[in-house]
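Consider the single chain below, provided in structure tokens and representing the form predicted on its own.
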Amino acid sequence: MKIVSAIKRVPDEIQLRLQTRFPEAAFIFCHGMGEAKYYLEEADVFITYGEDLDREKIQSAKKLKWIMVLSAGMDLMPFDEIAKRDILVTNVRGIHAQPMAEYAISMLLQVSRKAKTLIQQEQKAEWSRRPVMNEISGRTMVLLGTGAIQQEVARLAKAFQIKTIGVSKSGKKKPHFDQTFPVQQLDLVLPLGDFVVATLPSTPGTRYLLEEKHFKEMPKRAIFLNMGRGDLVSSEVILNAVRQKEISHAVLDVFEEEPLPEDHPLWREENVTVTPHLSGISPHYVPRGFDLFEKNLSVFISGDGELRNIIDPKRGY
């Protein structure tokens, strides 16, 4: 069995651990797809971030049985070709939970405690106590999505006595949520949200799910935070909501077009915080991803146990 990785800078200790534990497998660790593509024809298993795969590469990988995606979002993958070949796909859903939850709480705090304004004042050596401070404690948070990331956001929110309301496709009860609702009742819960936090993937059911009417339904004091996918809502809708003061602030880590163009008006909007799609970044990301891969590889080779995070190519998640 030949296992090819396109993940850059895999730590030596991870490489050695895998090679020692699975001597029956030949591992090829490459520095990105530019190098890995030359080994795809021989690969039984391919480890990738997903966005570097296209139909032609899948077609060239004649022996490929399993794609391990070291990412949770896979909207750019050629799932039609993958489904045609009946290739197993798994991902690392869940390993982003801790860094993304910390990002969410930190952004809500920086907006509420006027961190941007204070930094600007510091840079100008301006002693001013005019910025109006707010607290996040005791508020209500509406979370779009109730998976592992949002469960961790909701858990951390409890330290601030925040009421947590989850919205998902099924509306099933999940840990750390005070209430959960199906997406059909989104209009019912948005008016309750002091904070609206989104981590939804890009699927046919979520693309441009949020429209102008939804921002009109949010309280004017609401902070909207999106760290899922940029096509949940158009930039124009967000800009309009902020400029019309339908919400107080938008924190955006994901965008319809990435990188966000330098001349995009979102950069210059006072009540918008822009971050460059980094909410899930952590020094522990790759080790956590390979820990999950190692567990799945043991099952894949032995046939004993259940694989985690299997993706349905027809649905894309």
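For every residue, the number given is its place in the sequence shown, counted from 1. Between two forms, the rigid core is defined as the largest C-alpha subset superposing within 1.5 Å. No experiment lies behind these values; they were computed from the predicted model shown.
Heads up, the form predicted in complex with another copy of the chain isn't pictured, but that's what we're talking about next.
When another copy of the chain is considered in the predicted complex, only one residue from 185, 244, 106, 179 comes within 4.5 Å through any heavy atom, namely 106. This chain lacks the partner; the member of 235, 134, 168, 140 within 4.5 angstroms of another copy of the chain in the predicted complex by a non-hydrogen atom is 134. Across the proposed site, 119, 122 and 159 without exception bring a heavy atom within 4.5 Å of another copy of the chain in the predicted complex.
Figure note: of the listed segments 271 to 279, 53 to 61, 66 to 74, 30 to 38, the one touching another copy of the chain in the predicted complex, with heavy atoms no more than 4.5 Å away, is 271 to 279. In the predicted complex, at least one heavy atom of residue 99 sits within 4.5 Å of another copy of the chain. None of the heavy atoms of residue 83 is located within 4.5 Å of another copy of the chain in the predicted complex. A residue is said to contact a partner when one of its heavy atoms sits within 4.5 Å of a partner heavy atom; residue 258 meets this definition for another copy of the chain in the predicted complex. For residue 126, a non-hydrogen atom is located within 4.5 Å of another copy of the chain in the predicted complex, even though that partner is not displayed. If you fit the rigid core between this form and the one not shown, you'll see the Cα of residue 126 move by 2 angstroms or more. Once the rigid core is used as the reference frame, the Cα position of residue 51 differs between this form and the one not shown by 2 Å or more.
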